[in-house]
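Just one chain is shown here, as structure tokens, and it is the form predicted on its own.
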Amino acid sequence: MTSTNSIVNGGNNRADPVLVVLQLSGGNDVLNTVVPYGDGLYYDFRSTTGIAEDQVIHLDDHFGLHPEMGPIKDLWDRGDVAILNGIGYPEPDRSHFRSMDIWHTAEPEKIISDGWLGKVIRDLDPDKHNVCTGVSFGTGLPRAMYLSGTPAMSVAQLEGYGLLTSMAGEKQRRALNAFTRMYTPEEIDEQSTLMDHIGQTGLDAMAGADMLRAAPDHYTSTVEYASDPLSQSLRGIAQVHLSGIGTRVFYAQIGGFDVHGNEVNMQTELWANVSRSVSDFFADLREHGADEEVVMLVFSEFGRRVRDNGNGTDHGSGGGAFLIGSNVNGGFYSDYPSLDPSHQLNGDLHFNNDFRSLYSSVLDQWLQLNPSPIVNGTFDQFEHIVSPLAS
């Protein structure tokens, strides 16, 4: 795949490149996110949920953004937003669970346990020198970051994190031994691989807690984040990154995009939240001179049906994604999927580009990793979509 856009100037090499992945859970409606207001078919199919042309934030004479995405438009005007159209995979699955599993493992044909970001963490830190190479903010570790034997931290809230594991000396050892006995069958030998793995997992968690809980102490900012969970997750990511502990992969997520009903109000609230949070995050990085060190990937597991259901939209395919950051070469990538009924996939948008092409582009161009073993194959890349940090 080629792009006619020129490469944005590189970073200053003060730090290693960092990837932030933001998951929009529930299936974001791309037609009401990047709105094809110049196509009359859009209003034919979206008789009740369509966004009026005078409300759309125009990007050009055919496409625009949801009215609540003004902060994203500001980043677009800086050249910091790439919009990737028609992202998906062959034979799309409309199940939330299966489709998200496919995105998390980069494997649409069979069920596997290894997460694509778990492989990234392993390749970035093969000797496991830093247990905080990968950090997720939210409830539980996302499947994408799981890889057996590779540590990754999960943080619900940064302030106070690690207090329950900040025991010292003999108390810490007794607690770890109790944890190991609890989850190990009696017939397993004390020196077994399973016990070693469980014990190491506990040690990694406690070491990570010690590192992460100190991050807020090194952080000051004039940016006032909102109190919602996503804003606080991105604030935590900024704190950890700016603390310099060496995290290379971050994860955050926001739910609620399964808009079968009340879509107009729900999307208004959701995109106001996402746009504000992302804008504050990059403003924070710019304030600290760290904006060129971070690229954010924003994705959802699938799109929605082309025709609305009268009050919302149902599960579809042919979604979209965003890359955001100072080193991103902003603009549109690939054609927007056709709304013509003869070109639809059973009432859905056809995907134009495999999501593993997007992953491969970020892995190769930004993180300087070989993408093939991570995404389970070789896929065309979006050329020059992101510029590496300058050496």
Partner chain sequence: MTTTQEPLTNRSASEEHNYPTLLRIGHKYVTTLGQRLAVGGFRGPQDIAVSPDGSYYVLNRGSANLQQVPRTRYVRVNIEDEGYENDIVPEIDGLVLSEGDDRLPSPVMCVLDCAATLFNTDERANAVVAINTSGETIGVWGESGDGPGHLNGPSGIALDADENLWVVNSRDHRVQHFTRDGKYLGGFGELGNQPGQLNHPWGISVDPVDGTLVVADWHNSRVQRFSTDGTAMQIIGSPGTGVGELDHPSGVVVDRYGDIYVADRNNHRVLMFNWRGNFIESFRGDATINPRGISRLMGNPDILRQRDNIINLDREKRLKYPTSVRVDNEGRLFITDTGRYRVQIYEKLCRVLQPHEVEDAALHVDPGLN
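Residue numbers count along the first chain shown, from 1. The model shown is predicted, which means the values in this text are computed figures rather than measured ones.
One more form of this protein should be noted, the form predicted together with its partner chain, which is absent from this view; the next part is about it.
Contact check for residue 260: a non-hydrogen atom falls within 4.5 Å of its partner chain in the model of the complex.
Contact check for residue 307: a non-hydrogen atom falls within 4.5 Å of its partner chain in the model of the complex. When contacts are judged by a 4.5 Å heavy atom cut-off, residue 311 counts as touching its partner chain in the model of the complex.
Although the partner is absent from this view, residue 290 stays clear of its partner chain in the model of the complex, with no non-hydrogen atom inside 4.5 angstroms. Of the residues given (94, 73, 122, 276), 94 alone sits with a heavy atom within 4.5 Å of its partner chain in the model of the complex.
Interface residue among 223, 245, 298, 266, judged by heavy atoms within 4.5 Å of its partner chain in the model of the complex: 266. With its partner chain omitted here, the record of contacts in the model of the complex names 345 to 353 of 325 to 333, 345 to 353, 29 to 37, 57 to 65, defined by a heavy atom within 4.5 Å.
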